[in-house]
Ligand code: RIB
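Below you'll find only one chain, the form predicted alone, shown as structure tokens.
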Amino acid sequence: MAKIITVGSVNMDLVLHSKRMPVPGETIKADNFYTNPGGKGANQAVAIAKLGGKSIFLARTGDDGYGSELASALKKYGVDTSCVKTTKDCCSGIAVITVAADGENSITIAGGANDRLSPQDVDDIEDNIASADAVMMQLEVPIDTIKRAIQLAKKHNKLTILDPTPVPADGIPDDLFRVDIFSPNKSETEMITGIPVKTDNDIKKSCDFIFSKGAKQIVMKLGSEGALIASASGNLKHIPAFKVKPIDTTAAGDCFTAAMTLSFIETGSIEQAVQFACAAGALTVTAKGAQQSIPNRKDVEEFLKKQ
């Protein structure tokens, strides 16, 4: 069983469903509201567990009511929470999510305890990193913490995967590009490179920029268009998406990244891994919510057989 450590965020999602997104300055009435455990790191950690990997999660919750609820949800899905720490006198991370009738969403985050996850926290789990197959990361926790996670993963020759979201306002430090798999979506690629991604030539220029910073492999998430695999040699391979009726796109990108990581460890083939990830992501958008919408391994395998 592949052992994957996720270093990242855990939030309580406050979810509003409405017919459409409000425009700036507008007040609209939501059709429904619920709370739901989420956070990009937690979603990825849950996806690893539900898809059949051994999932260890390094994160921080607050000492508020949400903190214990978030930890319990992770355990319920089979995530090893021995590295999830409680931060005193601090709120847990919160995400306010608006989901429109067409399945698109917008998200506003208050970091809370996520902002307290430190490089020392990473050092504290070095033994776990040394025995893992991969370290998977995002950017909803401090940049210095992610830098340290990459350093220790490289020290122990572990696979490193970065989902570079949210893109920092002042850009991504060069240290963070130097991972085995760099996996932005289209809009993040545009923000990172400053190049509008509209044509194949734009994609090539964007990938060349990212490779020049030290990334070994790029997997660009394209949503309903699937994903693009780029190699430093200049080869581009498009993996088409599976056609499904979207209900809620929350956590789809997180599930994709986790599924890709797990399958790549298992098969050694990035193309097989991305195809598996496209299937897992497709199934995720057919259900509401974050972690509960992520499919299990059997669901993904049966879905692939039918295609």
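Just so we're clear, the structure is a prediction, and the values are computed from it rather than from any experiment. Numbers for residues come from their place in the sequence shown, where the first is 1.
Keep in mind that the form predicted together with the ligand is missing from the display, and what follows is about it.
- The candidate stretches are 51 to 59, 269 to 277, 32 to 40, 237 to 245, and the one lying within 4.5 Å of the ligand in the model of the complex by heavy atoms is 32 to 40.
- The partner is absent here; in the model of the complex, the one residue of I107, A130, A100, C91 having a heavy atom within 4.5 Å of the ligand is I107.
- This chain lacks the partner; the member of A73, V179, I229, A95 within 4.5 angstroms of the ligand in the model of the complex by a non-hydrogen atom is A95.
- Taking non-hydrogen atoms only, T250 approaches the ligand to within 4.5 angstroms in the model of the complex.
- Not displayed here, the ligand is approached by A290 to within 4.5 Å at the level of heavy atoms in the model of the complex.
- Residue E140 is the only one in 117 to 147 with at least one heavy atom within 4.5 Å of the ligand in the model of the complex.
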